[in-house]
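Presented as structure tokens, the chain that follows is alone, the form predicted alone.
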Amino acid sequence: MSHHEPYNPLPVRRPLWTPGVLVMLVFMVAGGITVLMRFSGGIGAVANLSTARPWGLWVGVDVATGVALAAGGFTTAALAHILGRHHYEPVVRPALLTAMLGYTFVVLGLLVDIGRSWAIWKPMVYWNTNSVLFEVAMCVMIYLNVLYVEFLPIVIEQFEGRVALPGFLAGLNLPVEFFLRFADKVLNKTMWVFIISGVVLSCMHQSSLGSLMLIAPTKLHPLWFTPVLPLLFLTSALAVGYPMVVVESTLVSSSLNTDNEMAVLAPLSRIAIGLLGFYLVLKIGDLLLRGSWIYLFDGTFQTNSFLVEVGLGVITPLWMLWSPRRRQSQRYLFIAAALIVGGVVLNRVNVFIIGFTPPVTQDHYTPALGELLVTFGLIATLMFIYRVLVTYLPILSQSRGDIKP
């Protein structure tokens, strides 16, 4: 496959089976056992969900948060491929991989959460065009396939011209090579369609996740319920896209003991300042216009959670990133980016769990051990597959350190 990037992405030369990977396997096994219990004994066997509390950790974290944190995929693609800022190419492939895995596990999280998981295909056939959830389902489904198509050239790049099937399968070498070359040519000519489609689809369902809560004005706390909730969800996803890339890149460089990408991440953080500042203006302006700021002084758990979300997740990192000196520091940049990521995570948890108080029950929702194990298991599986793919596919750039020749 032909490439025009000013860098050379290659597989990482690091041992796959490390103590950290073994810890991931422990969580994967625990999560897998819990999933078996869920499908054999029902949701009630592993979760504290009920008719009054139809969603909890799996929706708030596995789905809503997972979708938001995967925004780095379409934001970096838009920056590098649509706006032509090729300086940021070294972080595009890792961000694409994170987005692809993130959306894959959003779907797996939904399979565990919904009561009739065998009917998850029905929105493709039975269309309810008046439903926001239908729009979210279709956009996520289509965008996940778009991510797979965008990732396919990386696989082709690794195996094109190197196919050597063993034994009786050797006769398939030529057909497989022909298919890879044909796919290479087709994707080179049509990839722009998928990149643009991915950006459009992402913007659609990022905002529509906020629209889901517009039908619950009596159930969602006034600090979060607002007619502009879809816009806030979209702008917060845009704001967290680049900080998520910073967090991912820093963790990869430190865990694999490779060079960092500060030459890319530092200027990327300047863009994050504008996006995060715009989100903060919308957030504060909405509170003032609706008069919901009066709830900031009632001292409830919801209020304190909101203050932590905005104070530590928006205002503090915005102040940290405002200084050019701190933006050039890998430590400060990582801390600021991690705070932004944490702020968006808390925002989704606030909207779907903490701020969600159905009037039909006064019971407080606390995630069961089974819910925690499934969530940790999914996260560990995502990290494990990421580790395997960067080991065997050309995803990380050469500047990150040791690589396979």
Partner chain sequence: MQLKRRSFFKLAAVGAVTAVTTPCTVKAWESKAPQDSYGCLVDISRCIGCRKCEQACNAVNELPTAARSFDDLTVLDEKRRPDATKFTVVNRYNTGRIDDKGLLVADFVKVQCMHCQDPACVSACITGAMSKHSNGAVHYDASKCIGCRCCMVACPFEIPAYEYHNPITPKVMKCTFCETLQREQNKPPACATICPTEAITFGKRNTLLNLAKKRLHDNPGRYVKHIYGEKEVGGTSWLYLSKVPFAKLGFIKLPFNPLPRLTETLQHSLFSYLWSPALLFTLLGGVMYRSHKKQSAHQPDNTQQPGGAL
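Predicted, not measured: the structure shown is a model, and the values here were computed from it. Residue numbers count along the first chain shown, from 1.
What comes next is about the form predicted in complex with its partner chain, which is not displayed.
- Though the partner is left out of this view, D113 does reach within 4.5 Å of its partner chain in the model of the complex, counting heavy atoms only.
- In the model of the complex, its partner chain sits within 4.5 Å of a heavy atom belonging to A52.
- Taking the partner from the other structure, its partner chain in the model of the complex has a heavy atom within 4.5 Å of a heavy atom of Y126.
- Residue contact check for G84: one or more of its heavy atoms lie within 4.5 Å of its partner chain in the model of the complex.
- With the partner omitted from this view, the residue of G285, P227, G277, P267 that lies near its partner chain in the model of the complex is P227 [heavy atom within 4.5 Å].
- Out of the listed residues M141, V132, M320, L256, V132 is the one that sits within 4.5 Å of its partner chain in the model of the complex by at least one heavy atom.
- Taken together, the three residues T18, G311 and A337 all stay farther than 4.5 Å from its partner chain in the model of the complex, as judged by their closest heavy atom.
- Residues of just one listed stretch (236-244, 201-209, 300-308, 277-285) have heavy atoms within 4.5 Å of its partner chain in the model of the complex: 201-209.
- Taking its partner chain as positioned in the model of the complex, the residues of 13-43 that bring a heavy atom within 4.5 Å of it are, in sequence order, R38, F39, S40, G41, G42, I43.
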